[in-house]
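What follows are structure tokens for two forms of the same protein chain, given separately as structure 1 and structure 2.
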Structure 1
């Protein structure tokens, strides 16, 4: 008889076996994969020794698929079948992007979950999820080849401002690539982990991320092993590429100064000169001057020298431009520079000395730069993956993220009841009980919302579903328990259950299209700015709901028991009801409260008589002993 080896639940049969787990930085321009080996996080390279994998996917004429450098090289000759920056389209609809700036044939498909953007290629219609899956497949294959085994899972990083749809799309891409997602991790959080800040003393850290085309600033608060995103801001059209363009324009100016007449550059020469400009920029990081030499297609020789001093002057406004979102993020978080314990530099463009100097000057401290700014996010993700795969000691703290925007549902009067407040640590489950508004109500519409504002119209609608089959009861006596669960990846599921009958309905929220970073910031900022007016709007809506339910109850009572009142009394009550209706119409919460009070007072006697009548009805023809009070 063979012996089967079994293990305790949650414990591995071979506790000392190292599980292969990776961290993946799925970037807009480049992607990386990293792992922890012998306690050290390192990037896994391809067979040519490249760290980076350009996030470019080409659908080839022969039916094959190319990913990375070869696809990137074919971009200009085969633009419609070579997809770059698929990350920008993840979880988005057509109205979220500027189609005119893109070479692709976009189409939008409608599904149960809403509109989804897709791209028509020679290999058929491809979704951003499928395209990203090709990048992930390539990284998975690279990792399995260099680690010599199958991966147990991966931590994949996403921008902190990614919403549910964008996170879900990232998870779907990973699943399609055959990867087990251990967790999605916010990019700034990953960078902080790479620097070991999760083991550092508690405090507030800034992650300054300047890539090729985007700038992101995140303020994280570390407390009890949990990173909370206090604020994010940025500029989705500012990055190292803008520095290249400044050099490019400067070189053209020099050419104009040297020659009396210049022919305009064609597309090929423009591309060539932009590449030279980029090389010059990168050279200037470690050198005092850079030579830009280019033979144009006309045979003209362009030969100019750019000094560091000139470069700094040319790009001074770009450097300053990053400080505006930085100041805004600090202001949103209610912080000053003195509150910042450390600044982490992420993104290739933070190698530029003028950026480092400007950040040091602004924050009055030297930023953390000793890790490669291109690799730092992947390195942090690998550390997290290693922990989640169980390769670390039991007492290792797990790093947690928080949700960026509050989640709630619609209640009467168009108000939002927040169930999970923003910045709650994930994963989280919160439940709250609600009741019916009308007598005999057998269904309830559940409207799930996201945002910081008090009114439904100011928040973002995520989903709607209905709970049906509630047993008919008097208004206010049904108990409907609504549970919100956000998993460790920030994905939301909502369930509603009527407690007495156990009827239940639920939904997993996969919103049809996402929010842009700007929209999220706007939602947060309008929430901060509108607190007072929101409070008033809530007070008014609540006063109206109370008043209307009182009016409805009195109408029913008058219909049933008007014989308990004389004509004069009925007229008095009707007068107060009309006054209350007029005040509801006028829309001043204070006046509605007063009119509601007045109506309550005017109907006190009527309520007492109804009570007496129902008691004497219950007692009619019975012994006192039989009556159950």
Structure 2
């Protein structure tokens, strides 16, 4: 009789084969780590029983580093060396953030692809990547202690609207922390996974994700175990921190109203008052008013009372700001409010009553809040980590995520040729063939762009590289195949290959910082608002490219075969060429088209004579029996 191996539900029958993997929600305000045990996803706690880890890092006078609650407690006393909300600085340059309300000493370092923001501390200059790595190290240690072994990998969540630079910065932070990243997973998708396994209800869902520093809206379709993201939108610079700052500014206005002259706040007082503002915001979730009392470093007492009504009025524009991306996501998905089966609330900031009321009013239904909004992302990430590690269960889901912004490259005339359109399902590979513009061209410059506009000047430059060694050919003969690949983490690589010779070049796009807060929102907005002008600009650029190509071809023909024309005929053709050049300079696409047609008509006889001369030359010295028809 054979022995029967007994195992826990959802676990491997051979415990030594169960691989330890976790899901990590690297948040702006708080971070969490979760895993799947006995078939269930659960949050791992620290030695004091805390689920959350405040995303705060302090560099100590003795050279040590504090992370979490102890660092959070010291943020008002040591603000310049205690970094909070580092996620907001990930993949950013100094010009991308408002430093006026930050207590840090920011500096910026130059690189080949841009500037990288860093913070000066007593422990030296630290980048947001290094600071985030300290948070991830703490979560990794918590997980390995709880699980009793070394992790094989982690799924780390990022906002859906994080661009390529922000995603790469997150992956770099994980590498510094000693984590093997199985996947970067969009936060709304992770939340949908957590809800999907509990509810197992097919249909279309909206994930409304308002965290400490970012806002995402994603529309997903669940059908037969497949999660397909239909559309995504958001704001990578909108979150609970902005609600705190509204309270902070209101408190300063009250202080100014009570005193004829106020001493400017130093870094310590600024951080203290921001902390009090956050506490007041959280208190107002369940109470009608909040008392904000602070003793400033000058000995001045600030004591004000903020009512729920006042708070709602202060922050109404922020609440409304989340609905614009929501409407765009619905429009992109081709859906109406009536098509939505449920709205999932994610992120600690969704606890604010005015947020829930606004969402319920917009979607005409009560949003789903049965899972803790702080925990739901980590729980979903753990489920995906368990699957990717090889611990597959019966409830395994297939995730089909999307890319938030279109990717393309520059073509002649400063135009953008989109290779991968926004909201395309990931991972994805798309290829397109291009050709040379000039005779004998042996190199081609590849300019990779991101955005929704038609012209290069209106899009974001991601990278440039060159394909060299193209065999010299007549213009238009070479076949350059350019391939764009975006992996499941949303990271881009581009390759270019000349088909005949197999000469190849490639690049992994890794900018030092990504799109600014304004750019990442305005790209789509300007794309919709400038559609007609973009269409006209594209038509003009294409007309110019065609006209210049025709002029170059005729110029070469005249140099070789001008003896086929008399002086009057040459003068007529030259006149039409000058007219076309004048119209190209004037910049009217309709006039360029007319001048191009006129030049084509003027050169028809010349083209026929060249053809006759070519045939005569080919047949010279041959009899009819030697000619193959």
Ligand code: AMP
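Here, rigid core means the biggest group of C-alpha atoms that superpose within 1.5 Å across both forms. None of the values given here were measured: they were computed from a predicted structure. Numbering follows the first chain given and starts at 1.
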**OP:** Would you check which of the pair is the form predicted in complex with adenosine monophosphate (AMP)?
**Re:** 1
Original post:
Taking the rigid core as the reference frame, is the Cα of residue 335 displaced by 2 Å or more between the two structures?
Top reply: yes
**OP:** Could you tell me whether the Cα atom of residue 386 shifts by at least 2 Å between the two structures after core superposition?
**Re:** no
Original post:
Using the core for the fit, does the CA position of residue 439 change by 2 Å or more between the two structures?
Top reply: no
**OP:** Having superposed the rigid core, state how many Å the Cα of residue 290 shifts between the two structures.
**Re:** 9.1
